[in-house]
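First, one chain by itself: the form predicted alone, in structure tokens.
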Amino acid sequence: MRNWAGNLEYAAASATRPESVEELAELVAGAARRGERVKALGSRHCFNDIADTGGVHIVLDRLPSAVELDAARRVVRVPAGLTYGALGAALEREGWALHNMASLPHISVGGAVQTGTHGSGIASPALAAAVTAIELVRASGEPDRLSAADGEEFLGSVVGLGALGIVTALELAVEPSYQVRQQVFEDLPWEAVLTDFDAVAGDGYSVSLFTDYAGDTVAQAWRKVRVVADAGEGAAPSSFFGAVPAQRPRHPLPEMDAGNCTQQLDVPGPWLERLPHFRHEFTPSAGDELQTEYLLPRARAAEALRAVRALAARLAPLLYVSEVRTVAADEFWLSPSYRQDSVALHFTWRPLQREVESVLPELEAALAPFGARPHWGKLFAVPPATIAALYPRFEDFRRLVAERDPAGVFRNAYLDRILG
């Protein structure tokens, strides 16, 4: 089996698909007795070996897939292997919603939460912020459940990198369904972005900038506005900090057709059909890109963008496009937005892994003064000791892993590098 991008062939000696949590528990306990390592696979939308193993892969797509809504408590229990697109559709049928969505709704809920994946919005924390409880199978094979009432261990486990157990389900906070309008603007002056980044990034429920860092303008700005009931639609703005409205639907890559992108042109629609950039019924790409992302304090966004722009000539031959987004702070120990309102610099590379890996140290050196934290599931070259220093609770997480998985049942080469 390969990952979503096709740049990694998994090394597992075998793969199995349990059909119940009980069967999963037996598989994990048996592997532990035999001294084997196990790792779960979801949508495989990771570009490094975080989910790889030389032991047994457990694929979660046959576990029970029922979505259990508790409207009175305003929570929903979700199978970890379910995609955000499928979850969104189930919630919308019942009149409920999530606070945020990833740009790609094809990713699994469990994998996205465990790696600290996020959507966008200056006041919207990452996807993990919706988690109120997490269910997982421990290294002993015992099922376990942690909730916010469990305090510190809960905060250390939600973004857990797969190191603490196989996540089988999560409980997420929900809110009443809402509508969103999406409008794309073109040729946003860099001067406006660098002069007052917060004003640009905060002019909407979610704002994404798509750029190659060259020239005097940002190619596209995607502005998503939450529709407030009884407030009236209002006229769509005729400009956005000097950018002009696109006259037709756009894809983040200018040469690509916009047919698989979500509805634009300021047409209101359900949250799940506007917050992602891509429609759930289409796969936007597969096997033809690599991804890297760094999150750093939003207060230093302009400085960091200037530093990356200075590398534009080096990056351009390898880059499809870069997306600039914002994420609000949260309290999860290994969240890239732990206790910092963040700007996320996302790089979608051409499928040239050797060349991309050769330029990453130079890019990371430019971002190092800003304390940039790499996305756990994407390509990066930041040394483990540097990563540990970026997270105030890293040593607490290391101790938690040692306590919960002393035999290393859920360890792999990735965790051995990161944790030592």
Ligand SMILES: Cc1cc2nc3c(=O)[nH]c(=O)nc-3n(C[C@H](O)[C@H](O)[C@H](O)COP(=O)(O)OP(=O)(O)OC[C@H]3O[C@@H](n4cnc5c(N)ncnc54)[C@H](O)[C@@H]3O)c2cc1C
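Treat the numbers as computed from the prediction; the structure is a model and nothing was measured. Numbering starts at 1 and runs along the sequence shown.
Absent from the display: the form predicted together with the ligand. The rest refers to it.
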item	value
Options 113-121, 211-219, 236-244, 263-271; stretch whose heavy atom lies within 4.5 Å of the ligand in the model of the complex	113-121
Residue among S108, N100, T292, Q182 with a heavy atom within 4.5 Å of the ligand in the model of the complex	S108
Position in contact with the ligand when the complex is considered in the model of the complex, options A40, A372, V28, V356, heavy atoms within 4.5 Å	A40
4.5 angstroms heavy atom contact with the ligand in the model of the complex for G88	no
Touches the ligand in the model of the complex: V167 (any heavy atom, 4.5 Å)	yes
4.5 angstroms heavy atom contact with the ligand in the model of the complex for L363	no
is_contact(R393, the ligand) in the model of the complex, heavy atom dist at most 4.5 Å	no
Triplet L188, K224 and L319 all within 4.5 Å of the ligand in the model of the complex via a heavy atom	no
Heavy atom within 4.5 Å of the ligand in the model of the complex - qualifying residues of 363-379	H375, G377, K378
